[in-house]
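Each of the two blocks below gives one form of the same protein chain as structure tokens; they are labelled structure 1 and structure 2.
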Structure 1
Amino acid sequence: MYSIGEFSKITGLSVKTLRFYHEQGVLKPTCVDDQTGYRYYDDTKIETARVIRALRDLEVPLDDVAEILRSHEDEGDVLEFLERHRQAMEAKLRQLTMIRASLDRIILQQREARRAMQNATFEVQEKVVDSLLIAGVRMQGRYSECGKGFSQIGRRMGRYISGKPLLLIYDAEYKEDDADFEACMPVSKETTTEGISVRPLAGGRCVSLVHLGPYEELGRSYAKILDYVKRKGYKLRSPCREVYLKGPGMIFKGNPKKYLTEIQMLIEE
């Protein structure tokens, strides 16, 4: 007979784990001293402990381990169970892969937002923007409803999203209830998805201004950039763009005073 400490060394299971398995009825000691409460194990328990450890290494739930020990003695006997467990592990792997992709997006977005904050001059600039492959949902209504479009793209195109969300604004003037706009996300793959337009968005020379603060205060930045356009005598191409460098996150809403939105107005050459 082996004491629990000796049995722990033989099986590679900690004393704490052995006590837990006893409480759960998975691996009971051969006997327990009535006076001291000490647990003792004989040689027959070593093989049981090995089977338990092998199954737990495969992440088989403890309840299932107990069922297998009660009903089976050979791997061939548990073939159907092992196949079901493999399917469950594949589903878990797919879920973990999606979680990892979401984490990668959050980390990338926050790093880019931090760089944008450090590099922003908050002054009107002229620059060239590259063409993008985008997934877009054309909408009419209030600008504040654009989140529905972004959510739709995120659900359908999540794994292909490769950049910051942007809004294409087709109206030449501000409209409160019947605005014409398109929620867009840069994507890495051109694919067909119902209700979402996936296509190239042309680049070109533009007038740009990074706005710091709530979306409700974007008007003052629009005034600044339009004054610059008029002084330069530029003619603009539709649509205007709002690129959301930093806004409400996937976890926290954040402080609207720290939101970063880049207004881009393409110049007609």
Structure 2
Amino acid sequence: MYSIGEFSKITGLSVKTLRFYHEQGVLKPTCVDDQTGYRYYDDTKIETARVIRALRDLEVPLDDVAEILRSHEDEGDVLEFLERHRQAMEAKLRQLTMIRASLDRIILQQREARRAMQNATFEVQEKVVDSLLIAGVRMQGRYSECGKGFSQIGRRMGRYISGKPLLLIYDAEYKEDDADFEACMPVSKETTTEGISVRPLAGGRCVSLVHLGPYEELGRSYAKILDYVKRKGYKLRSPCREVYLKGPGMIFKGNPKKYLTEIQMLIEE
């Protein structure tokens, strides 16, 4: 017979834990001294303790452990128990996997936003953009409505999004209330989804300007880039693009004064 301290050293379960297991009826001492209340364990309890440890290491709830130990005679019950527990673990695992994926997306997004902030010159530049596969939702109305389109794409294509959201603007002139535009996300996989157009978007030479500040002040940057285009005598190819390098994130709305938006206007060569 072992005292609780000795038994604790043998099994690796803390004294507190052993008392708790006694209270819960999971692992009862072989005998308890009436006078002193001292708990004593014998050798057969070592095996029981090992079983409990094994099950707890598998994160089986203590109540279930107790039940397993009670109906231990029939090994078939245990199998079904374990299968149910596996289901539970699997569910947790799926949830954690999704959380990790979300975190990865958010972190990547933040990192890119930070890099974009460092690289931005806030001057008109000429560059070549690659063609890329996009998923888009064409909309009419106010630009402020475009969030709906982005979230629709996010819900349907979440796993395949591979870049910054962008807006294609089909109007030749600025319209406030009845604009014609398309909310787009670069995607890595060509899937067919109702209401969402997945297709390649052609690249080419373009003039580009990164705008720092809230969307209401985009007009200032448009003026700057259009002035540049006019001086150079370039001919524009519709639609014009806005790439949201840094905007309201998935968690924080952020500070609009720090939003970064790249205006891209493709030109004919």
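Rigid core: the largest C-alpha set superposing within 1.5 Å between the two forms. Fair warning: this is a prediction, and the values are worked out from it, not measured in the lab. Residue numbering: structure 1 sequence, from 1.
Both panels show the same chain in isolation, but it is structure 2 that comes from the form predicted together with the DNA. Once the rigid core is overlaid between structures 1 and 2, residue 238 does not reach a Cα shift of 2 Å, moving by less than that.
Taking 2 Å as the criterion, residue 8 counts as shifted between structures 1 and 2: its C-alpha moves by at least this amount when the rigid core is aligned. Once the larger rigid part is held fixed by C-alpha superposition between structures 1 and 2, the smaller part shows a rotation of 14 degrees. Relative displacement of the residue 61 Cα between structures 1 and 2 on rigid core alignment is 4.4 Å.
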